[in-house]
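The chain below stands alone and is given in structure tokens; this is the form predicted on its own.
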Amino acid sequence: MILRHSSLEGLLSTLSTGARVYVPAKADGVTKFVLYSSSVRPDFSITNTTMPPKDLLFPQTQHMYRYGTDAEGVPYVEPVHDADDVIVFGMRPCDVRSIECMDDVFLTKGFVDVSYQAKRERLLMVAMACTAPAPTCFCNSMGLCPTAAPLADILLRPAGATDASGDTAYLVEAQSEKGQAALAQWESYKATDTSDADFEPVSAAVSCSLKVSMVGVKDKLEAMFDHPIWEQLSKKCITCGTCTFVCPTCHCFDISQENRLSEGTRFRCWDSCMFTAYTEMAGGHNPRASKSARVRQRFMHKLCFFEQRYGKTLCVGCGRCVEKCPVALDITCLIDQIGAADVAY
């Protein structure tokens, strides 16, 4: 199926009548996935939005359940679930991979997070292949391909040819049963004056300019828990938490409640392993009180612990932390340092 760029606005308007549609755009000075409306102008030229789409499944603040007593004094507990269908249109392959990592955390190993599951089941992911990765992107090195997103329900690949008007086009491919069913709504917007054979999709050979080698990194890290590298690295860190909030796979959270008379709400909100209070216990003990311990935890989790448990790294190579860290504490430089470290494994 061929979809012309000029048809996107009409398609998004149609899709938004039956679901909440989120598109990459700039809002309040920040690029993120914004709820589509006639006043929103999607920008599909954004390689990676500053804020990833993870908050659509794992909101910054999420009500989990309400509790209290009714008029007759009988206690009750009511789960809070979002029942809306959601379409994320224009996700990049690294963000699609990040959802796969979040699925591992919230839906596998014998545990199902019902709040996450309710949202995940109603999510349609429409991915867009990358033709020009940003200078801070390194997804190739993390085992991804900029032009492929196997977990996406629908994949759009920019085509190399245009018509006489200069209108660009996308080759559209359904990659799941959910995606195949969704394409029925797209029929009236597909280009009828051309065929797939008339267009050449973007090459699968698109590559990131920033590269690292992950060979042996996990195995080396298993022997580097007490290595001096963590103390050296932490001197630079200001523990602001920026890296964790722009990361598409960080999922630390805190749980609290708000009470009003006989009613209350339990909710969770994003937290960060970089904050001192995150691991502080009720009795005052903190197993990661030092900054070096918290820095070590972040990178060990991304590059070692998660792979031990789920078989993949928790870093997807999107480069957001590389771009936004105020002190340039670069994970790619750390990977290079680990690779060069003289550690037996």
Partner chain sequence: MSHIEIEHGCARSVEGRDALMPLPCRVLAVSQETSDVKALRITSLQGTRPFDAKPGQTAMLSIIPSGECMFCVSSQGEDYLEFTVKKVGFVTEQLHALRPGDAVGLRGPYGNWFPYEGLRGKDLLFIGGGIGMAPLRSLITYLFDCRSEYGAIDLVYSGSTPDDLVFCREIQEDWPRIDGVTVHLSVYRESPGWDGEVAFTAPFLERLGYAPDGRIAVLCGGPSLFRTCLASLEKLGFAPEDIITTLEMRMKCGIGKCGRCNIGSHYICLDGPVFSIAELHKIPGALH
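For clarity, a rigid core is taken as the largest C-alpha set superposing within 1.5 Å between two forms. Positions refer to the first chain, counted from 1. Small disclaimer: the values here were computed from a predicted structure and weren't measured.
Here the subject shifts to the form predicted in complex with the partner chain, a form of this protein not shown in this document.
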Partner absent here, but in the predicted bound form, which of 168-176, 118-126, 151-159, 221-229 has residues with a heavy atom within 4.5 Å of the partner chain? 221-229
Assert contact residue (the partner chain, in the predicted bound form, non-hydrogen atom within 4.5 Å, options A83, V215, A205, V74) equals V74
My question is simply whether A181 lines the interface with the partner chain in the predicted bound form - judged by any non-hydrogen atom within 4.5 Å. no
Hey, in the predicted bound form, is Q297 touching the partner chain, heavy atoms inside 4.5 Å? yes
4.5 angstroms heavy atom contact with the partner chain in the predicted bound form for D43: no
For K26, is any heavy atom within 4.5 Å of the partner chain in the predicted bound form, or not? no
Since the partner is left out here, which residues of 51-67 would have a heavy atom within 4.5 Å of the partner chain in the predicted bound form? M64, Y65, Y67
Once the core is superposed between this form and the one not shown, does R260 show a C-alpha displacement of at least 2 Å? yes
